[in-house]
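Coming up, as structure tokens: structure 1 and structure 2, two forms of one and the same protein chain.
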Structure 1
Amino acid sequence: MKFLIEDVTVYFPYDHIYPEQYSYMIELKRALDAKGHCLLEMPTGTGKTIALLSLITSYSFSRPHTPIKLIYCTRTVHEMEKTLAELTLLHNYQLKHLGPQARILAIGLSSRKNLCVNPTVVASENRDSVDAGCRKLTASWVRAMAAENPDVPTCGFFENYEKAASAAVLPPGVYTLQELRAFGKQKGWCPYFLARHMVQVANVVVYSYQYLLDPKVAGIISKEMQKESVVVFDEAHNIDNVCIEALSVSIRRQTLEGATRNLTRISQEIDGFKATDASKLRAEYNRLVEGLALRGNLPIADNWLSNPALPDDILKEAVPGNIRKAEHFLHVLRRLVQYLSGRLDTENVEKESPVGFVSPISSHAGIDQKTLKFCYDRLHSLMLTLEITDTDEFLHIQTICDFATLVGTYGRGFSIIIEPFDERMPSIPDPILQLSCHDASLAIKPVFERFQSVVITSGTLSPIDLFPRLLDFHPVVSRSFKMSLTRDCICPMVLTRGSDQLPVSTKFDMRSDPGVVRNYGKLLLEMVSVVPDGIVCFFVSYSYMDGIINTWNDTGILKDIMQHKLVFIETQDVVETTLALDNYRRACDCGRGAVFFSVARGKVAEGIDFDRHYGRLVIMFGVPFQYTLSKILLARLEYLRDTFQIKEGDFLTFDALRQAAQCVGRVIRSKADYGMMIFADKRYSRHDKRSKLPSWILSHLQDANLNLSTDMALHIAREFLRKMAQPYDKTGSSDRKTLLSQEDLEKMGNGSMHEMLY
């Protein structure tokens, strides 16, 4: 269907549209008109992706003289594939209705692991080794060597791509990763480099957050994107954490040992080079005198590292004299590693600011701040000069240099925390030095500054006023949309009391109370007997989950639960968890029924959907506050309070509630689906906590369901499940229209016109 939103004709590939999609598009369009950033919350399962894609592409068709580029960031490769598949559908529809003018180029960019077609390279198990394998075949010196000696292996795909040079372009169309690989194979061109090249000219680029947020990668990939771009961060409820992680480094003893090994290896290489080819080292020295920015136009295959968010002026500065010579630089690094390992030997927990950390370095190890700042680039340059291809071996020394550069660059927004042991196991020394970033706005700031519109969207962004403060930007539109439903297919409940009418909570002083543990157990036991197929339970932490399951096991509750359903548990081991999930799904499929015990903030809570029968009920045991004694969290809270005037309590509640909403939101992935959500903690009934839940959950949370005990919840669950099992009409009745056709929209358009006229 096609319809008008103000002056833009929107081409939408489906015959019907949800009302919330329509209003989402209107808001989005206004944000694009204003060339500003926006923050939009809409529940999952309402077709955010297609609404975004069809509006932005249609918008760019309607303004052919100022074409805008769409940069769509997803969290996982799976989501990327889904987005591209939707885009294919949309593109076909637009081609049919608009003809050749609708032709666009849309590609997905992913790591070599996902795009490589060279069978020998892609066989490696992890991402780093694929990257290294690729470099071994495509680095410029390897190819130069191969030109002389045909025995040196190279990658045929890359050679063909290089030969085709500027002729190597993708014809317009939408390419999923699969199609890109197929195209590459057919033409004999390397799809990865082809994609990286085409990113600059494509109309739509779909890639991962890291390509924009992680300064190490962003510098290479996203450097040349035009300003007239719309950047979309999908599923962005954790974007502040992604930003922070991109700029945080942690160093353990193993890292330092590895770094020492790397340094020895590098010094051997330098000696070897001195004996055979001293001129290369000299050339590098000269280059460094002139400054980093003039590194020269290295072939694209070679620039695999970039500096972490260096201000531009540093790039133009000359490298300090004491690290220009390779040996000197090695000495500096040696001293740094030694100093760090000395710091790790501490007995107490230490917390310092970057400034306070740098000054003893200069007094003890004789390395000043400016030198530290250049470490990362200097290492990069050195490794290129030494023609090192197995970069995956050198990750440790890279971490050290990354750390040094960050410490040298930023004075504010970071802190360095050294902990001699893990708090849970004080007897085992496991020292760790963490450079933790507290300010999410540091990493995302360049994005907001560079691009005309940035769209941050997710199913859970509430409270919506906190995000602009955390990320330090000013959205022109920030709105939260509700879900229009033909029937009340979600049933949130707040359970405050157990079957014996005593309050339940995971508050620190109550959580180990046997009464609370028993009440939680009873709740689950009752629920497994009335809810069919799959139930998902989220606990506040691994240690709490371990504890409560042990107690349930001792008291026999677990055994009773297993009478009704099989029990699966998420562990910290990814393989184990994947296996557990797989079996959980099978148990749900075959009708045996299953319960999955999981942890809020865990892998499962973030990325796994429990839609349809895989999750008919989700129970959130407790409020998933962060571990408030963690040094990093305390430092961050302090920073937030001082810099953004965000109260500690506000941030903690916000963070806990968005995690809870994220967990319970796992069960409902489409409008045809249905599911119940139980928030089992008395604290949820308090208004200040509850009001921070997303509005699409709040609007279904009836007052009657705010203060339930186990037996009342049981009764409501029974009724709800019976009601939902009845057949229903998908389009909704006339007064509660949930699917709009083209005529409906035209009618609405006329109505608003009338309102404007009178």
Structure 2
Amino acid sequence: MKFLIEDVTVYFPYDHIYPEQYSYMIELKRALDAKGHCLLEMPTGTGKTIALLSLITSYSFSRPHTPIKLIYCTRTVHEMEKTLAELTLLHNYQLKHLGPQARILAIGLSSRKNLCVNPTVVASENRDSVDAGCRKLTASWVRAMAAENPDVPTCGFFENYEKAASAAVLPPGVYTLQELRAFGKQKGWCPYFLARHMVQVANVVVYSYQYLLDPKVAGIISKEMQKESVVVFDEAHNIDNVCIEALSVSIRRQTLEGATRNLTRISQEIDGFKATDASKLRAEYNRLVEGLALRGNLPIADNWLSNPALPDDILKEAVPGNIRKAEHFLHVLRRLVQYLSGRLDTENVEKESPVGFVSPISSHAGIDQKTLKFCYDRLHSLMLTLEITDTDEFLHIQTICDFATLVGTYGRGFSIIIEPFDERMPSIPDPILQLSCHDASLAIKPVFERFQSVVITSGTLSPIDLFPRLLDFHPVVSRSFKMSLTRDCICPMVLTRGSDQLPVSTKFDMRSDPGVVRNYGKLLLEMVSVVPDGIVCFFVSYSYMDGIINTWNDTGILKDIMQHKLVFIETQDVVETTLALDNYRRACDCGRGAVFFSVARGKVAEGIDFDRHYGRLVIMFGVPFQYTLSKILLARLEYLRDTFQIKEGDFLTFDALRQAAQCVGRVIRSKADYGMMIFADKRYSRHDKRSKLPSWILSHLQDANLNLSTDMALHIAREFLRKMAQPYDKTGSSDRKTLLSQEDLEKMGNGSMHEMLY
């Protein structure tokens, strides 16, 4: 269908549209018109992705003189593929209606591991070794040697891509990762470097958050992107954590031992070069004297990671004299590694600011702040001069230089925390030194400043007013949408006590109480006997899940549960969990029914959908607070309180409830779906906790369902399932339509449309 929103003709590939999709597009257009940023919370399963893609591409068509580029950021490769599949559908529809003028180029960009087509390289087991394998075949000095000696191995795909030069382009169309690889194989060109090149000219680019938020990657991939771009962060409820991880570094004993080995190897390489090719070292020294950290524009295959500091904070001046010579720089790094290993020999937890940490380095190791700042660029330059290709061997010394550059650059928003052991296992000495970033706004600030519109959207952004404070920006539009439903197909309940009237909670002083564990088991046992197909249970942590399952096993509850349904468990091993999920789905498909035990903040809670019969009930056992004794969390809470005036309790509750909402939101993935949500903890009945859930859950949470015991919840579940089994009209009644056709949109004046939406 196609319809007008003010002056924009929107091309939408389906015959009907949800009212919330329509109002979502209106708000999105307001933000684009104002050239500002926006925060939009849209319930899960209401077609957020297609609404975004339709509006932004149609908006671009309506302004052919000032076309805008769409940069769509997802968290996982799976989500990237889903987005590109939606875009393919939309693109075909637009071509049918608009003809050749609707042609766009849309590509997904991922790591070499997902795009490489060279069988010898892609056989490596992890991402770092695939990257290194690629460099061994494509680095400029390797290719120069191969030109003289044909026995030196190179990559045929990269050579063909280089030979094609400016002819190596992608024709217009939408390319998933699979299609990019197929195109690369067919033409004999390297799909990874082709995609890297085409990113600059593509109309739509879909890639991971890191490509914009992590300065090490963004400095290479995203620095050419034009200002007239709309950046979308989809599923962005954890965006503050992604920003913090991008600027945090951890150093353990193994890191320092590995760095020492790396330095020994670099030292041998330098000696070798002095004997055979001293002119290269001299040329590098002269270049550094002139103040050029790197030699002009590097060939695309030589470029490695960029500086870990943000673009505005990198010093644009000559490298200090004491690290210009390669061997002098090695001495500095050796002293730094020695100093850090001395700091790891501690009995107590230590916490310092970067400024407090840097000054003793100067007095003990003789390394000043400016030298620390240049460590990363100097190492990068040296590794290029020494023509080192196996970069995966040098990850440890890179980590040390990352740390040095960040600690030398930033004075505020960071802490250095040294812990002699993990608090949960105090008997095992495992010292760790962490440079922890507390300010999420640091990494995302360049994105807000560079691009004209940034859209942050997800199903769980409540309370929506906290995000602008955490990320330090001013949205022009900030809205939370409700779900328009033909029938009440979501049934949230708050269970506060067992059938013996004992309160249930995972509060630290109550969680191991046998009464609580028994009541949780009885709740699940009662539910498996009445709920058909799949049930998903979320626990607050792996250790709590292990403990509770062991107790249920000893008391025979688990055996009783398995009379009704099979039980599958998420573990920390990805392969095991994937297998468990596959078998869980098979058990639901064949009618045996199954229960899946999972953990809040785990892989399953973040990215797996339990739609239709795979999830008819989700139980959230407890409130998933972070480990509140963590030194890093305490330092971050103190920073948030002092800088943004966000109270500790407010942030912890907000963080726990967005995780809980994320877990329970897994069961509803479309409006034809139905499911129940049980929040099993007495703390959910308190208004200050409950009110932080998204409005689309709260609007279905009736007062009668706020303080239930197990037998009351069982009665409500039976009633709900009976009601859901009745036939219903998918388009909704005449007074409250939940599916709008093109005629409905044309018939409605803005006034009646407004009434219907709100």
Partner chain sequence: MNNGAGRRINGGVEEEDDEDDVNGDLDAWERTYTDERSWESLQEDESGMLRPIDNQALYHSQYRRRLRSLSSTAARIQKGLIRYLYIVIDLSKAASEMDFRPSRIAVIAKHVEAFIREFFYQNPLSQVGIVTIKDGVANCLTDIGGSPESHINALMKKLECSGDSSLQNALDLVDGYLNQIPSYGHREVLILYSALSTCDPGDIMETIQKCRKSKIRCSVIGLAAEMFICKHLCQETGGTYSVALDESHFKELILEHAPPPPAIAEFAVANLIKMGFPQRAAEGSISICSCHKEAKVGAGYTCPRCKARACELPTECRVCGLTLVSSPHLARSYHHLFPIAPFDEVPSSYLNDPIRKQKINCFGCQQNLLDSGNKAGLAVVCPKCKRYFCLDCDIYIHESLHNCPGCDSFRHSKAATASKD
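Counting starts at 1 and follows the sequence of structure 1. What we label the rigid core is the largest C-alpha set whose atoms superpose within 1.5 Å from one form to the other. Just so we're clear, the structure is a prediction, and the values are computed from it rather than from any experiment.
- request: Only one of these is the form predicted in complex with its partner chain, so let me know which.
  value: If we ask which form is the one predicted in complex with its partner chain, the answer is structure 1.
query: Would you say residue 345 moves between the two structures, meaning its CA shifts by 2 Å or more once the core is fitted?
result: Not so; residue 345 is displaced by less than 2 Å.
field: Residue shift check between the two structures, rigid core fit, residue 574 Cα at least 2 Å
entry: The answer is yes; the displacement is at least 2 Å.
message: If I superpose the two forms on their rigid core, does the C-alpha of residue 554 end up displaced by 2 Å or more between the two structures?
response: For residue 554, whose C-alpha is compared between the two structures after core superposition, the shift is 2 Å or more.
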